[in-house]
Ligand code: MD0
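Shown next as structure tokens: one chain only, the form predicted alone.
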Amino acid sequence: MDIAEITEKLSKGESASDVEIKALLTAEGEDRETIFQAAREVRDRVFGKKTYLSGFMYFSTYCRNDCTFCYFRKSNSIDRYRKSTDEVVKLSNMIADAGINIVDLTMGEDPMLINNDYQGLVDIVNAIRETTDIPIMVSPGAIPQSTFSRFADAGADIVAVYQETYNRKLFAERRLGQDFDFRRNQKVWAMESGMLAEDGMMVGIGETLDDRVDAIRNMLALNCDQVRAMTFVPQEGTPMEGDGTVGTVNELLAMAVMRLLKHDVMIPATLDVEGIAGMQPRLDAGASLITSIIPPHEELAGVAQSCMDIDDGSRSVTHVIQMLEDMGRRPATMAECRRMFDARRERVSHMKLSYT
């Protein structure tokens, strides 16, 4: 199957069959570079040389869930922390003042913050919005449908709830005791409330090639404005601690395919798998956003890599911007990011959404 022909028609906005997508996801050698180059060209046609920046704040590592792949699963005996509202507001303003475009408020499903219909998290979003106009992403886990409007009213712009896999059996094995449809519909409910939504797939958790195709198809069919792929990293103290990891090229190919299938989707280049060394390969695969930028010396953890490149400043915005400029790219301004979010939220408000 001719990879160049497939990428050319996708670059023109045409569709591809599952067989063609599988060919892209399993490409090797020069064919891979053909795919990555096509993804970069499509990305640059839509976004130019600007790249959006997202500051990651894992402000509570307490969680009621027992996901088999997660270091912060409930049954793992680890040190945990929970930042106060004042601390979160201070860090959010530090992120905004540093030139980062988005603050990503991530937490486990913390029983304390879940109390009273997530009032603790709603209060945090309100407090941030009172002090800065930075776009706010909330990553609260799976929440009741009625709660989304409260986040929107408080000033949140986008909700991230990762499905990880659209294979129902594998989902049940990895997200123990959780409801597939309830989690899938989080994205729909977020958009119904006037916010944007982010979905994500994990690569290397036991999925097949068909599963990867299905995950990409489903995430894009939901009309999420942001989608991501992330390579599984085995975590100490979890049932999957001894599992091997797949090469990150599978993540990169998934990113490039998503870019070719939906040209204007926001695709993150995560620093949470390979640290700062993983930034350029992901941008070269068509990413438009750098995520998991973490301020050093603030006692904040990552997810897949809880410590990598944080306190030495390698995941700081200063280092990221310098690397961007060395690549001939530039960081987006706060005003550009706000305009982008507002325009996309306006479009979402007119979309027809579907439930399972």
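Note that residue numbering begins at 1 and tracks the sequence as displayed. Just so it is clear, the model here is predicted, and its values are computed rather than measured.
Heads up, the form predicted in complex with the ligand isn't pictured, but that's what we're talking about next.
- Residues of just one listed stretch (144-152, 98-106, 212-220, 253-261) have heavy atoms within 4.5 Å of the ligand in the predicted bound form: 98-106.
- Out of the listed residues Met230, Met279, Ile128, Leu113, Met230 is the one that sits within 4.5 Å of the ligand in the predicted bound form by at least one heavy atom.
- Listed residues Asn93, Thr85, Asn76, Ser139 were compared with the ligand in the predicted bound form; Ser139 is the one with a heavy atom within 4.5 Å.
- Interface membership of Glu207, defined by any non-hydrogen atom within 4.5 Å of the ligand in the predicted bound form, is ruled out.
- Though the partner is left out of this view, Val265 does not reach within 4.5 Å of the ligand in the predicted bound form, counting heavy atoms only.
- In the predicted bound form, Met191 stays away from the ligand, with no heavy atom inside 4.5 Å.
- In the predicted bound form, Tyr162 approaches the ligand with a heavy atom inside 4.5 Å.
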